[in-house]
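The data below hold one chain only, encoded as structure tokens and taken in the form predicted on its own.
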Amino acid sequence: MQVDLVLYNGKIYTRKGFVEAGIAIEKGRIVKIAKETNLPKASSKINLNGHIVLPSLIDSHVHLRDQERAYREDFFTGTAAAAAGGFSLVIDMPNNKPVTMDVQSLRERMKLAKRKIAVNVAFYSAFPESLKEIRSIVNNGAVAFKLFLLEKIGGLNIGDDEAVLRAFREVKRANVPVAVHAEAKDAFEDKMRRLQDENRNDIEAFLEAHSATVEAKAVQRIIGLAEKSDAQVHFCHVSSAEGLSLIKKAKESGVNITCEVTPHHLLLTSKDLKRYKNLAVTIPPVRTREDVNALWSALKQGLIDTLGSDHAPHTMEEKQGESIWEVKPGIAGLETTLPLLLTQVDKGRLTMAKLVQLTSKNPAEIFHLSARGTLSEGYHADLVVVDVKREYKIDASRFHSKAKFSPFDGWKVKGKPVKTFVNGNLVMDEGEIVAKPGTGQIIR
């Protein structure tokens, strides 16, 4: 037997932990993990120089932009950023222009992406005008739905509990998850209007409007609807101790929910927001030291299910503004997530096993991405080679993303993704994208 590719001289992270071995790959799948002497002959061989090999990351929270927002990011720059960061699969959010919310808009987005993507991409849809369309949107390839509770994106009346409950029941029947941005629109808008009436347009006002209570109100509401519908609900970027305590209680009572945190909510506080100003403006905002400590505690206890980047690129002009209310919220996170997390592993705050579980294994399971998220025979050959000893400073000017700025610019990190393989193809090598646009696949 001769295979397409053999990777040798690596420390492979398997279900049993690290093994010093190599990987044989044929037709984009792992066919054998074994000592080099026991691997089959190959058309091509790559020496991994003793580096560790992890399942490449799966990010279920990415805004790839393109179409009418291609000036912020396009499918190639966004997926190049993903490859550089050690991701092999990202799930694209639907708040695009035009909004991804029906069969036609989904097909158009997939058609455009197909010829540009460097890594695998799956797609969310917003809820359509008619809930009867949900099944056909799923049949055409959407892997999940997204519900944004701060403003109406898509066809669903987000303020109507009965309408949301009907949508959740349809999603349950279609057997896909719904991801939720949980901030209560009425509570937020009421507070924002009062602050604006007082001519408050500073960062403190932004934090007051996007308070932990605004998050908790939305979390509580959605937990109730998840319980009634038994839909599979995934809370995006949970940021507060208040929100977490509600999720913990609901999980303990058997509600079908999971949740995500982001590196920026784990590593930045509201004090940093005053330091980095608009560059760190995101929603929900980074919060108090107590909230950050609660996130870390929840992560260690197993309450957190996934780590997502919430990669949300903008132009530098959009991150400026005389008033905080004019600043576009979002941080470009695909190229910083893995180095920041590996640094936490080095510091002993996170184990490698937990990192793999939260960034690969769990996202694959929650979003029903079969034969992904684990390095195992028969699984897709999606993997990242990491130099855990490499120390360097994050340099946002070198990002592949069009958003070449970050609150993490200049941060010292330890641990670097040096090679990313997608479907058995080497896509990134030492920071350089070595694959052509279109190498990635649309995952349905």
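These numbers were taken from a predicted model, which means no experiment stands behind them. Counting begins at 1, following the sequence as shown.
This protein has a second form, the form predicted together with a small molecule, left out of what is shown; the following refers to that one.
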| query | finding |
| --- | --- |
| Which of 340 to 348, 322 to 330, 238 to 246, 102 to 110 lines the interface with the small molecule in the model of the complex (heavy atom within 4.5 Å) | 322 to 330 |
| Triplet R65, N95 and I283 all within 4.5 Å of the small molecule in the model of the complex via a heavy atom | yes |
| Proximity to the small molecule in the model of the complex, single hit among Y124, F148, F367, F168 (heavy atom within 4.5 Å) | F148 |
| The unique member of V219, I137, A84, A312 whose heavy atoms fall within 4.5 Å of the small molecule in the model of the complex | A312 |
| Non-hydrogen atom contact H181 with the small molecule in the model of the complex at 4.5 angstroms | yes |
